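As structure tokens, one chain now follows by itself in the form predicted alone.
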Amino acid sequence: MPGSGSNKALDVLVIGSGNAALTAAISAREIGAEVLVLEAAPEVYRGGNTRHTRNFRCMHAGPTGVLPGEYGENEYFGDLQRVTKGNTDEALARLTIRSSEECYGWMQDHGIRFQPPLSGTLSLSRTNAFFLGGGRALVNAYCRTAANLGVQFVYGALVRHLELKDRRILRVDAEIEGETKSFFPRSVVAASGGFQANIDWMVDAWGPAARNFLVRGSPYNRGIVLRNLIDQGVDTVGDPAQCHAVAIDGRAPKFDGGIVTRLDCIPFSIVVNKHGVRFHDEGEDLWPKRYAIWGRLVAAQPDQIGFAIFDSRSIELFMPSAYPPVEAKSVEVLAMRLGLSKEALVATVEEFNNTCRPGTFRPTELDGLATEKLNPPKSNWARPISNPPFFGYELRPGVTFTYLGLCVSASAQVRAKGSPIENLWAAGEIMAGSILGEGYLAGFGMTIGTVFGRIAGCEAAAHAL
């Protein structure tokens, strides 16, 4: 095992095996560095949250591969500004956006294949490139490419400590098969994700409500590397209570349910809390720009639970769910089956129906079909819920990744007390808070990981060589 208790030097050590880690490993190896990847999960669960992804958001000046039209820097940045409410580092954000244009071809050159975009509530055909076979296929393709280049992998390798001294990582300790092994790399790339699977840490950030959250991604993203570096004074960025969280099916598993547990029905529904009361505008904007707010909205409700209610006219308008919705011939029976007050839900549905106005319903665009004198309003796609059968889903907050992370420069270099650490770089979710202060834009996490993975890998290799 290179660099482990031997005199043989290790050029680049990459921690993690998701999109950011793999692009870093490939990039470093192509420059000529010897690269070792340490992944905490067993091989079958390699890839971290990337296993559950399906697209990345890509700037393009004209038709590119499966992407039609154009998606320019200013439009892209404007979309990001809206969802983050301006809480982003503009220089790093624009770097990510501009660099995304060349990522499409780089990904293809390294084994990734794309498919025509999905339709419906996603509305992403022009902005996002979808992976053929989804995130798991992407991970497998990158791992094959990396292995063919000579990158070495060790799975079940839990990195517990990075010895930081005089602005340099001297040693990396990992627990492998019950033993602690030490590595002495010239360069280190931290790409081990956030801390969302560490429920105690989530409770520290959010309070007791976090125990009711579900974690959409890997149970191995426990923030051990992040915590270890924070405890040694490495500079951080981001609010620990900010994260990418969406509303998912309440029947999903506690961990690793993935993207199939997400529910895309909200624009065509009304959403109520456990008291049968609406609490936000379900038709605020197109789904890719607003879907990520719903995890936090549901998290703020009593018992961190919500319910999406719709009728037979909407059942075919969104992507099918992993679990079928609860179905009933009447709103009263639906309330009973969902555990809601019959009187409260009927009153809410009737009030909503009475405030809907005539107009043209256009499910793939902002149609302006809004309610009148209803608080909160529904700004688009407001049709009466009146055609049986009626359907409902229980909603829970599903956390994808956290935004507290390592503060990096444009070269992906990590800092401590404002000064760069000589041989430490970061990429992916562990540094995404540098760009995502709040909110989320569909596919942007993969873009950050790809762009900064490539940068980190090249910089780490250049330093080592």
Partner chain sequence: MPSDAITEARRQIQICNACRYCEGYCSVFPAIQMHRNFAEGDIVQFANLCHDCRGCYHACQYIAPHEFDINVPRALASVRQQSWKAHAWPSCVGQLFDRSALAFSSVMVVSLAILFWLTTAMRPASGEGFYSFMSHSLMVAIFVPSFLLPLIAVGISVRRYWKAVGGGSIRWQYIAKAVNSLARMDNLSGGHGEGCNFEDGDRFSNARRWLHQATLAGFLLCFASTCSGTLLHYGFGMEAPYGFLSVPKLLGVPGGILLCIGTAGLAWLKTKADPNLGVASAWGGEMAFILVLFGTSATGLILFAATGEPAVQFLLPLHLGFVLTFFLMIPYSKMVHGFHRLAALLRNAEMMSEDSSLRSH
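Residue numbers count along the first chain shown, from 1. We call the rigid core whatever largest set of C-alpha positions still superposes within 1.5 Å between the two forms. This structure is a prediction, so every number in the text was calculated from the model and none was measured.
The following text describes the form predicted together with its partner chain, which does not appear among the structures shown.
The chain is drawn here without its partner chain; in the model of the complex, the stretch among 89-97, 173-181, 347-355, 320-328 whose residues come within 4.5 Å of it by any heavy atom is 320-328.
This chain appears without its partner; in the model of the complex, the one residue of 149, 260, 333, 374 with a heavy atom within 4.5 Å of its partner chain is 260.
140 is the sole member of 212, 232, 140, 81 with a non-hydrogen atom within 4.5 Å of its partner chain in the model of the complex. Heavy atoms of residue 61 never reach within 4.5 Å of its partner chain in the model of the complex, leaving it off the interface. Although the partner is absent here, residue 337 sits far enough away that none of its heavy atoms falls within 4.5 Å of its partner chain in the model of the complex.
Its partner chain in the model of the complex is not approached by residue 312, whose heavy atoms all lie more than 4.5 angstroms from it.
Taking the partner from the other structure, its partner chain in the model of the complex has a heavy atom within 4.5 Å of a heavy atom of residue 144. Not one of 29, 103 and 110 comes within 4.5 Å of its partner chain in the model of the complex, counting any heavy atom. For the stretch 44-65, the set of residues having any non-hydrogen atom within 4.5 angstroms of its partner chain in the model of the complex comprises 44, 45, 46, 51, 52, 53, 54, in sequence order. Core-aligned CA deviation for residue 238 between the shown form and the other one: less than 2 Å. With a cut-off of 2 Å and the rigid core superposed, residue 140 has a Cα displacement that falls short of the cut-off between the shown form and the other one. Relative to the superposed rigid core, the position of the CA of residue 108 differs between the shown form and the other one by less than 2 Å.
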